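Only one chain is included here, represented as C-alpha cells and corresponding to the form predicted alone.
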C-alpha cells in the first residue's frame, strides 16, 4: 500500500530480453559442445583412420587424380554449364515472349526437367536418344553426351533465373532504349541482358557449384579409364584397394572447388546488397 500511495513502482527481478537471449545462446553452445565431445569420445578413430585415411593409398592416386579425374570433372562441368546457359537463355526469352506457343513450350520444358531426377536425364541422353535415333552421334563422344545431359539438367533452372533477372530490370530501361531507336531485340541484347546478368550472377555461380557435383552421374554413361571423373575414379580405386581412402580424397577435391566458389557467391551477394542500400 505504501508503495502504491507514494507512486513508487516495485523493482523487476526477472531477466531482461538481452539476458534471456544470451542465456539461450549459451545453452545452445553448451549442447553443441556436449554433442561434439560425445562424438569424439565414442567414435572408433582407429578403425576410421584405417578405412578412410591411409597415406600410402592416397599417394597412389597421384598424379592421375589431378591429370585425369579432376581435369575431366572440370571439363564436364564447364561444358554442361555453357550448354545449359545457352539453352536456358533461349527458354527464358521464350517464357517472356508474347507468342503463346513459345510460352507454353518453355513452361512445359521447365516443369518436366525441373521435376525429373538428374539420373533419369542422364539415362535418357546416354541410352534413350541412341536407341531412338541410331544415326545421331554426339560431337565429342562421351564429353558431348555429358555436356548435353548436364545442360538439360541445368537449363530449366537457369531459364527461371534469367527470366527473373530480366524482369528485375526496370521497365524504363527498355522504354528508354526504344526511344533512342533501338529495336526490341537490340535493346534486349545491349541494354537489358547485361543488367540482368549482373543481378543473377550469384545464383548462376550457385548453379555452377551444383553442376560440379552433378557431374558425378557421368559414371552411368559408361566411361573409359581416361574419361573418368572424380567419383568414378575414387570408386574404382576404392574397389581395387579394398579401402575407402580414394573416395575420401576424391571428396576433398570436390570441396577444393565448391568451397571457393561458394565464398565467391557470398562476396558477390554482399556486394550487391551494399549497392542496393
Partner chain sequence: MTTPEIRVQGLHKSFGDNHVLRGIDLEIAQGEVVCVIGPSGSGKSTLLRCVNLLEEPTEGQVFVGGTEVTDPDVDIDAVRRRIGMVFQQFNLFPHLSVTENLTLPQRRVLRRDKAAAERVAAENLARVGLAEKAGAYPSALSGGQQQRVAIARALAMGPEVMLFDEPTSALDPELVGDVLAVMRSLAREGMTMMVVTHEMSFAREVADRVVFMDGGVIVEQGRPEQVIGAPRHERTRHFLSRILDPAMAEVEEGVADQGGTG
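Positions refer to the first chain, counted from 1. In this text, all values refer to a predicted model and were calculated from it rather than measured experimentally.
Omitted here: the form predicted in complex with the partner chain. The next part is about that form.
- Interface residue remark: residue 134 is not counted as part of the site for the partner chain in the predicted complex, having no heavy atom within 4.5 Å.
- Among residues of the shown chain, residue 194 is one whose heavy atoms approach the partner chain to within 4.5 Å in the predicted complex.
- The partner chain is not shown here, but in the predicted complex it comes within 4.5 Å of a heavy atom of residue 175.
- Under a 4.5 angstroms non-hydrogen atom cutoff, the partner chain in the predicted complex lacks residue 98 among its neighbouring residues.
- None of 110-118, 137-145, 183-191, 90-98 except one has non-hydrogen atoms within 4.5 angstroms of the partner chain in the predicted complex; the exception is 183-191.
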